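To begin, one chain is listed below as structure tokens, in the form predicted alone.
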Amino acid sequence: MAKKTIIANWKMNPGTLAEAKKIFGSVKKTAQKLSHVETVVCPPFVYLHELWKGTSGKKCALGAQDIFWERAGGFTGEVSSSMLSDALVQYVIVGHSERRALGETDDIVNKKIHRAVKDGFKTIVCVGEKERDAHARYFLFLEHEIKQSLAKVTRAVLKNIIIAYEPLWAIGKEAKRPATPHEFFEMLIFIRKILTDMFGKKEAFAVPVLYGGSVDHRNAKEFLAVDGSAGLLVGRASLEPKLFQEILFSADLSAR
């Protein structure tokens, strides 16, 4: 079976470089032992240069939480692809729900995706509906979000795209309830249909689809067991080495 991809999104954590090194060191130690998992750690930008020294190739790669669509210029506060490459970053998260909540549109996400894939990064594109309505309009929302975000992406660079499905209604303090593995399976099939319409069946089924959204050591195994699941995008639990270790072990077993 194909390797599972487990992506740790640290968000704006931890508060110090010393803590970041400690967590990363623990994750790397576990990742190096697992043959069926590709572990990706996405720390805050300021830690990337210090952490790249401890990476170990494909078993423990570095990712960035965002990227800007221009390579250089007067863009205060932004981070370019060349800066990320200099820190040996291999993966980039684009369109995370928290970025979209701050005003990031599908058009902005699309420009970032084009920059990321053009410059050779594995690009994790986050998508997901805000709510589940009785009339199933959330399918239309997701279809529009995917088609707009991936507009003009060619088959040639599709190999660098990873889709992370994160249902916003199941995430955070306002979550009404957790999502279920069955709901992920349902949306995974729908995502495949959209990608097939856009790129063709063969290309669509080659795109990895991950689950993200309140993933922890208790539910990871179930989401990994979903037919077609390529892995997980993990938030809060990725900052707890022991809990994240359990998730990595579950991924390794599910990929055997």
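Note that the coordinates shown come from a computational prediction; the quantities given were computed from them, not determined experimentally. Numbering starts at 1 and runs along the sequence shown.
There is another form of this protein, the form predicted in complex with a small molecule, and it is not shown here; the text below is about that form.
Q: Where does the small molecule sit in the predicted bound form: which of 26-34, 209-217, 42-50, 187-195, heavy atoms within 4.5 Å?
A: It is the stretch 209-217.
Q: Each of Lys3, Ile161 and Ser229 near the small molecule in the predicted bound form, meaning some heavy atom within 4.5 Å?
A: No: none of Lys3, Ile161 and Ser229 comes within 4.5 Å of the small molecule in the predicted bound form.
Q: Would you please decide whether Leu233 lies within 4.5 angstroms of the small molecule in the predicted bound form, comparing each non-hydrogen atom pair?
A: Yes, Leu233 sits close enough to the small molecule in the predicted bound form that at least one of its heavy atoms falls within 4.5 Å.
Q: Wondering, does Lys11 line up within 4.5 Å of the small molecule in the predicted bound form on heavy atoms?
A: Within the cut-off, so yes.
Q: Within a 4.5 Å heavy atom cut-off, is Gly120 in contact with the small molecule in the predicted bound form?
A: Although the small molecule is absent here, Gly120 would stay clear of it in the predicted bound form, with no heavy atoms inside 4.5 Å.
Q: Is Asp106 close to the small molecule in the predicted bound form, meaning a heavy atom pair under 4.5 Å apart or at it?
A: No - in the predicted bound form, heavy atoms of Asp106 and the small molecule never come within 4.5 Å of each other.
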